[in-house]
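Next up: just one chain, as structure tokens, the form predicted alone.
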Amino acid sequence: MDIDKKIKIICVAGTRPEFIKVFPVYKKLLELQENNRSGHIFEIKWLNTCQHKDLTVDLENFFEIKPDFVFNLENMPDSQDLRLAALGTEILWQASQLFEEYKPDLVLIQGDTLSAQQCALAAFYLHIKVGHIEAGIRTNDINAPFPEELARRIISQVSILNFTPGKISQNTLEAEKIMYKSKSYNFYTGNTVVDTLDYSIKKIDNHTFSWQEYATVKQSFDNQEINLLEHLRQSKKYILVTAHRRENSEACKNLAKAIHRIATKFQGEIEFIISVHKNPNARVAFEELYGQCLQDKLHNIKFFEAVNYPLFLKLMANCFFIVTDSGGIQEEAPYLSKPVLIFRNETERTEGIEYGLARLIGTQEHMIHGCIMDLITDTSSYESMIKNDLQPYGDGLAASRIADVISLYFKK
């Protein structure tokens, strides 16, 4: 490759997890652009596909990122099933137009979102190389998580540079490479989520950081605003809950019932803080739970609209433990020394379970209830899940490794 030619790289993010995990790599690549130590001239751009536009505004402010390219994904259908097809079509079309005009040398994507899948396909159709952060994770069930398991498999077929978060994902890609993909490169780098957590915790703990624009959030279902930081200072021991997966929409009713039973038993002792996702199917169960709380005058379950990233870090750092079906939170909780109960029947992030830092509790009410009660009432069981010296998802250097590999790849 001509050493004087600009190496153009587009970093893609359109959802909250993508922002969090692409950010540290983008930051390291910008250093290559500025320092030019590799002997090449790099040009790094940030693309926000706006798949979750309203959930990424606070991230752009917090990480001080101004996107170079932004997609317009307005007027999508309300139906969740039709929305997948409509969003996918529009992202593929707009990405294809952008890549054809800008002609990047590498499109760098993360994970298994619709944005990642469609931008990878757009690049493939135009013979542009694809780099994949957090490559190789699998549940081996095409419907769980849905549709992410399919997305990550599709991406693996077209990516040339694969950056794996763990040894299991590395072995998975090496096995797939033997079968049908010889011309790709797999690198075990660790998970970039740890890089971002390290950066973010230091930032919010700095005395110069202002919570002014982050502390206020809306309570779900009544839209009243509350200073959540002030509430945390006054609140009792609390359990943090998140649930949003499409395949768990019905199961959320089981989670809600278990929470109601436990909250009733521990009034005045334990509070549940539920971060309610935008997914309308996932909201139904919590809306019903909210109504039940009003009827029973139960005050130790709080519902909040999707909490901004720095404030959510504060919520995680100060909670008793976490119940979630989120993949990212499974990785973040061990870094913060917080036990995590995984509200799913399967998980592709098994390292936390193997290290004893997480437990897969399924989606049945009696199992959810029993596992939450176990951590509340059994001190030894709770303490067995707190192992500060174990970090199964990375050492905070993943982004540096990824940037180095990209630099060396184009140098070659």
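Keep in mind that what you see is a predicted model, and the values were worked out from it rather than measured. Numbering starts at 1 and follows the sequence shown.
Only in words, not in the display: the form predicted together with ligand UDP, which the text now covers.
Ligand UDP is not drawn, but in the predicted complex it has no heavy atom within 4.5 Å of Val22.
At the 4.5 Å threshold, heavy atoms of Arg16 reach ligand UDP in the predicted complex. When contacts are judged by a 4.5 Å heavy atom cut-off, Phe187 does not count as touching ligand UDP in the predicted complex.
In the predicted complex, ligand UDP sits within 4.5 Å of a heavy atom of His277. With the partner omitted here, the residue from Ile109, Ile329, Ile259, Ile155 that has a non-hydrogen atom within 4.5 angstroms of ligand UDP in the predicted complex is Ile329. In terms of contact with ligand UDP in the predicted complex, the residue from Ala282, Ala306, Ile137, Ile273 that brings a heavy atom within 4.5 Å is Ala306. The stretch that touches ligand UDP in the predicted complex, counting heavy atoms within 4.5 Å, is 311-319, out of 311-319, 248-256, 117-125, 200-208.
Taking a 4.5 Å heavy atom cutoff to ligand UDP in the predicted complex, none of the residues in 288-302 make contact.
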